[in-house]
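Given next, in structure tokens, is a single chain: the form predicted alone.
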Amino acid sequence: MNRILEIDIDNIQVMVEPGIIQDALNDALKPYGFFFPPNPGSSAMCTIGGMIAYNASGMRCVKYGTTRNYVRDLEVVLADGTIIHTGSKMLKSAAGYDLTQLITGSEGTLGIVTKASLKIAPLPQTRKLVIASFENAEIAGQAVVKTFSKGVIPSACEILDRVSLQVLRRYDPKLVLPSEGDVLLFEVDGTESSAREAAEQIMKICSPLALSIKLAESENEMADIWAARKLVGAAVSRLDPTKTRIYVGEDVGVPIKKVPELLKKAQEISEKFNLPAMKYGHIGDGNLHLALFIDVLNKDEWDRLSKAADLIHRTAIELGGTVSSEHGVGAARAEYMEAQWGSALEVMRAIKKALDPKGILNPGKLGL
């Protein structure tokens, strides 16, 4: 089920089956001058159905939002075999509950998506990339807060700590990246003049806090940096082949003004449990990926990892954030749903029971 069923430029929409890969969809849309904006690092392999199930986002979510912002209609098979449509080609509707939004992000617990109508967006004329390094991640977080408070909204805003930079240099020694500090990548897009003006504003705002700051010199340089950024999570083994990244405590998010505090606490947790960690992610919307890596044959490291991940999740909740910004809850983070949602979790359970009374759809996920 990986076909594009309709490209409807007049209505700025596309209808697809859930198995289509996101990059394949955008390759098909490019000749029309449009794209499907959410762009996870896994865009070369992730399916649109998976993106809908987890409300995926990615690097350009700062300006363009998450998958949820682009889903207009879903064909869904319910637990009893009933087939429904949750929306239409209309850009808005005030008629009844918004079932499209309910299904999006439900991780397959309420129904099976078989078709999706998606809003698309025009490709920007140009993109610019500002590369800034800072003494530490906490100061980088302060630079992000300062930039947003001045009314500058980049299309993407990413952080790569010094451990991430080591990984990337081993992955591609030719990458043009700062040699010191923790790095922010600010991408802006639009017309040539508007993008350049926004890039200059960011450089002016961040310069007092930065160790270095520059504008990427070419589209090829930008493309190389973004390609490497997409692979940083998987490339961590190049730093130490004896260790493996474990995907726990790795997708937390907090309100933007709490980002510096989250970065500081994440470093403290890494040091407390003596676990190497790589900090990177979509800092522009408060989403931090913490790559904890261990020797999987070492029981003591497993024990410390579990304690560190638990503290990371609970810290995010205490800061008014979430245990998962885009990777989903599944079974791994289900135990934290009550702490994050309180009595609202019972409402979710009631919805689940109403639509899936026998509990046959992705059972045990989302803490339901």
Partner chain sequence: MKNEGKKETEQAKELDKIEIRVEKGKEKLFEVDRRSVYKCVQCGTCRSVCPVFDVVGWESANTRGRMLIIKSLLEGTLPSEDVLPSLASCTTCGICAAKCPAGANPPEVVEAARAQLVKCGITTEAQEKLKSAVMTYGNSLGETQNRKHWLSEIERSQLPEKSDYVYFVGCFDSYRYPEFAKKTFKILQRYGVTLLPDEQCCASPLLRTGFREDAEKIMEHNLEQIIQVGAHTIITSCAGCYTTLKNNYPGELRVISLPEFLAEHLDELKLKKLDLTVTYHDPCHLGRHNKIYDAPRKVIQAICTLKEMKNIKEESRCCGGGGGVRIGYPDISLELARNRLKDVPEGVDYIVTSCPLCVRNLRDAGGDIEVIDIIELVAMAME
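Numbering follows the first chain given and starts at 1. Here the structure is a predicted model, which means the values were calculated and not measured.
The same protein has a further form, the form predicted in complex with its partner chain, not shown here; the description that follows concerns it.
At a distance of at most 4.5 angstroms from its partner chain in the predicted complex, all three residues Y171, R238 and T244 contribute at least one non-hydrogen atom.
Note on the interface: of 39 to 47, 322 to 330, 57 to 65, 336 to 344, the segment with non-hydrogen atoms within 4.5 angstroms of its partner chain in the predicted complex is 39 to 47. The contact with its partner chain in the predicted complex, taken as any heavy atom within 4.5 Å, belongs to A234 out of L102, L175, V145, A234. Only one of I153, L123, L209, V296 comes within 4.5 Å of its partner chain in the predicted complex through a heavy atom, and that residue is V296. Of the heavy atoms in G359, none are within 4.5 Å of its partner chain in the predicted complex.
Although the partner is absent here, M15 is not a contact residue: none of its heavy atoms lies within 4.5 angstroms of its partner chain in the predicted complex.
Looking at A24, you'd find a heavy atom of it within 4.5 angstroms of its partner chain in the predicted complex. Contact annotation for 248 to 281: no residue has a non-hydrogen atom within 4.5 angstroms of its partner chain in the predicted complex.
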